[in-house]
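Given as structure tokens, the chain that follows is alone and in the form predicted on its own.
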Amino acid sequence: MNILAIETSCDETSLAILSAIETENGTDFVVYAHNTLSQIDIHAQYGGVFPNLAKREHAKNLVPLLEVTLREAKMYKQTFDITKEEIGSDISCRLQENNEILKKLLEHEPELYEVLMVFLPTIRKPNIDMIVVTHGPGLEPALWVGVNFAQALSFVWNIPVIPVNHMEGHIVSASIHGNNFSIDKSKKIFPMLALLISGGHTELVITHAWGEYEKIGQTLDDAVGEAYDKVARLLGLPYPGGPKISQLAETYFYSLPEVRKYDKKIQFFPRPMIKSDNYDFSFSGLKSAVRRYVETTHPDLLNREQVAYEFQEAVTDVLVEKTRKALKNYNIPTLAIAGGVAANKRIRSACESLIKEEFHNTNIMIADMSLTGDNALMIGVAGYLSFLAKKSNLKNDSPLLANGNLSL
């Protein structure tokens, strides 16, 4: 089965084309093409992502990115390369006869409609069996662009479309490695604990089987990535703040004497909820503690590298402790770590050390650096697994809806 995946939940426009083949032990996937356009440089000047600006960029990027992706997947064939009989009444006639339906479908993305109406008649229907698209959670204006784009392609090409939960995509991303990979469906890897850490989410989710999820913990206020960005602003660092905080923290770490590097008794900033009886998180208080310190310290005495380091250590301690508690209490054989903040080297290293030192029989899977951010490949895999788990079907019997607050 060939899959076209679409991801527009925030500030990355991403498309992927991949195939899925069932085997005795699971599913073999082959990636034919995967392309992502980031809007970071556009939003950086505003210090964060503006939903309507993200929506505009998605609408502008999707059709050119689709052409590039189809070409890379060797599924791009222009109409002048095929016979009139092959064209028949397929795409061109379908567009003409149903122009008003498409116009209504894309009424909130008029520029996307215009470009799509020019592009689609020039190509032959690609060898795609399923379209999957992120429909939440995320920025709703951005999500709607991808959802409506998927529905338009589904209508014109007569291909079923499946909605995918963005967080399910992140869980799956920890199992993706390279362009040829397999997803295990055996029971030996379940239950799997997923630590999902990003700019919008901080969650602990137990995967009982693909498509069966139980959220046991989440942030009560700021997500961990959001806290990184806010602390970065306090320190006068540009957006996105996470990588900048990490760089400063690493510099400070190497300046410390060996005896101080691993001294957990010294805690410069608080570790919110680290001793609570649940698996929830809170980073608002930590951010406030950093703010108080920065505002009450003379600028000449403020060491930004130290603040970054101490903040990151506090975040890491909380994430690791909550994960440790869940692994112990639920007797979990597999730990998966994913999301944008999973690219943080300190957090990755701390989680690996936790498994190595305390949970020898637990397998750890961390998303590849290239897949920690939002991407269509993880959405494509998650959509197919959802289909296999009978959570979604291949019937277009109900309209797709974007839901910015969608939960697992």
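A quick note: this is a predicted structure, and the numbers were derived from the prediction, not measured. Note that residue numbering begins at 1 and tracks the sequence as displayed.
There is another form of the same protein, the form predicted in complex with a small molecule; it is not shown, and what comes next is about it.
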For this session: Look at the stretches 119-127, 197-205, 328-336, 182-190 and give the one with heavy atoms within 4.5 Å of the small molecule in the predicted bound form.
Result: 197-205
Seminar exercise, completed: Checked Glu109, Asp222, Glu310, Asp229 for heavy atoms within 4.5 Å of the small molecule in the predicted bound form; positive is Asp229
Seminar exercise, completed: Exactly one of Ser246, Ser154, Ser175, Asn165 comes within 4.5 Å of the small molecule in the predicted bound form through a heavy atom, and that residue is Ser246
Exercise. Does every residue of His135, Gly211 and Gly383 put a non-hydrogen atom within 4.5 angstroms of the small molecule in the predicted bound form?
Worked result: no
For this session: Look up in the predicted bound form whether Val341 has a non-hydrogen atom within 4.5 angstroms of the small molecule, and give yes or no.
Result: yes
Exercise. Do Thr372 and the small molecule share at least one heavy atom pair within 4.5 Å in the predicted bound form?
Worked result: yes
Exercise. Does Gly217 reach the small molecule in the predicted bound form if we count a contact as any heavy atom within 4.5 Å?
Worked result: no
Problem set entry | 4.5 Å heavy atom contact, Gly242 and the small molecule in the predicted bound form | yes
